[in-house]
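Only one chain comes next, encoded as C-alpha cells, the form predicted alone.
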Amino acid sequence: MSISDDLHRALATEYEQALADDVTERHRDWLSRHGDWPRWRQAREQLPAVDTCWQLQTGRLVAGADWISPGPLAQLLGEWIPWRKGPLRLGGVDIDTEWRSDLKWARLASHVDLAGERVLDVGAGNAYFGWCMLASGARCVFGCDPTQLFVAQHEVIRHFTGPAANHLIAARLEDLPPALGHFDRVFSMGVLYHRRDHLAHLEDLKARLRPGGGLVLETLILDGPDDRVLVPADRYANMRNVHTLPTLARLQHWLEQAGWESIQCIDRTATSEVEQRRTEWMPFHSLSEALDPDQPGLTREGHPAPLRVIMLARKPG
C-alpha cells in the first residue's frame, strides 16, 4: 500500500468516504505539480528494504533497523536536503537537522495530555512532531504542509518506520475542506507570523476543533509588557514572509478576539544556535546568518532577535 493510499484509508476511517476521496485527490495533485517529485519518487524506490520500526530516544526519532551500508544510504538520503525538523536516525544514518525540534517539544510536553486524542498539526513540515505526539499517547495525527519537499521527506521517514497513525497532507490549513475537523487538539507551531491575516488563522484553528478542544500555539513575539506589534518593512531574520510580530499582551488580545478561552503562556524562550543552526543536512543560511554579528541581540535588519512563546488555549465547550 502506498503512503497516499494509507492516508486515504485513515481519512475514510475517521471521516466520510467522499471527504477522504477529495483530500487524497488534492494531495496527489499538489505533489505532482512539483518538478522534483519524479526524482524524489525514483530516489525513494532506491531505498533499501529494512526491518521497519520506530521509537523516540531522548527526542531523536530512530526508525528502521541499521542498514549494513550506511555510507551509500547517507548519500541517497542527501537527495532530500535540506532536512529542517528532527533529529532523525534513519536506517542507522544520523540526520542532524537544522532545528533541534526535540528541545521545543521538551518545553511543552509536560503541559499537554494527548492520551487518546485525534490531533491536527498545522505547518507540520516533515511531520517530526507527529511522532512525538504519538509517543505521548495521541490516537492519530493528521499534519498539513504545502511544501512538497517536506511531504517527500515524510514518505522517506515512513519507509523506515512502517505504517503508523502519523499522516501528512500536502496542503495549507485554509485549503483543507471545512469538514476536516472535530479534532481534540490542534497545533500551530511556527506558522502565525507567516500569515497576513492572523485573526483568520486563529479562527480557522478554532473551527477545526470539537467544543472544548485545545490549542497549542508556538510563535514569535516582541519582548516587552506593552501592547504593540512589529510589521517588518521587508525581511525579518532573513525571512521575507514574516508579516506581524506582537508583544505577548497583543498576542493574548488576538486570541481573545478570535474567541479562545483559558489562555496561558507556558514557555518563553529566545532562539539560540544550539536549537537552530546550519548543518551538513541543511547547509544553507540559518540563525547565525540572520543575526547581527556585532549585536547578537538584533537581527541583520536591526529588529529584536527571535523570541518564541508557547501558548495554550481552549475552544469554548
Ligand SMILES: C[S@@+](CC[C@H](N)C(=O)[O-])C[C@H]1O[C@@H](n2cnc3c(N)ncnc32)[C@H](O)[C@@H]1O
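For every residue, the number given is its place in the sequence shown, counted from 1. Predicted, not measured: the structure shown is a model, and the values here were computed from it.
Keep in mind that the form predicted in complex with this ligand is not shown, yet the notes after this line are about it.
Although the partner is absent here, Lys85 is a contact residue: one of its heavy atoms lies within 4.5 angstroms of this ligand in the predicted bound form. Under a 4.5 angstroms non-hydrogen atom cutoff, this ligand in the predicted bound form has Phe150 among its neighbouring residues. Within 4.5 Å of some heavy atom of this ligand in the predicted bound form lies at least one heavy atom of Gly125. When this ligand is considered in the predicted bound form, Arg195 lines it closely, a heavy atom lying within 4.5 Å. Contact with this ligand in the predicted bound form, judged by any heavy atom within 4.5 Å, is made by just one of Pro72, Pro177, Gly116, Pro146: Pro146. Taking a 4.5 Å heavy atom cutoff to this ligand in the predicted bound form, the contact residue among Val156, Cys132, Leu173, Leu168 is Leu173. Contact annotation: this ligand lies within 4.5 Å of heavy atoms from the stretch 183 to 191 in the predicted bound form, the single such stretch among 225 to 233, 88 to 96, 242 to 250, 183 to 191.
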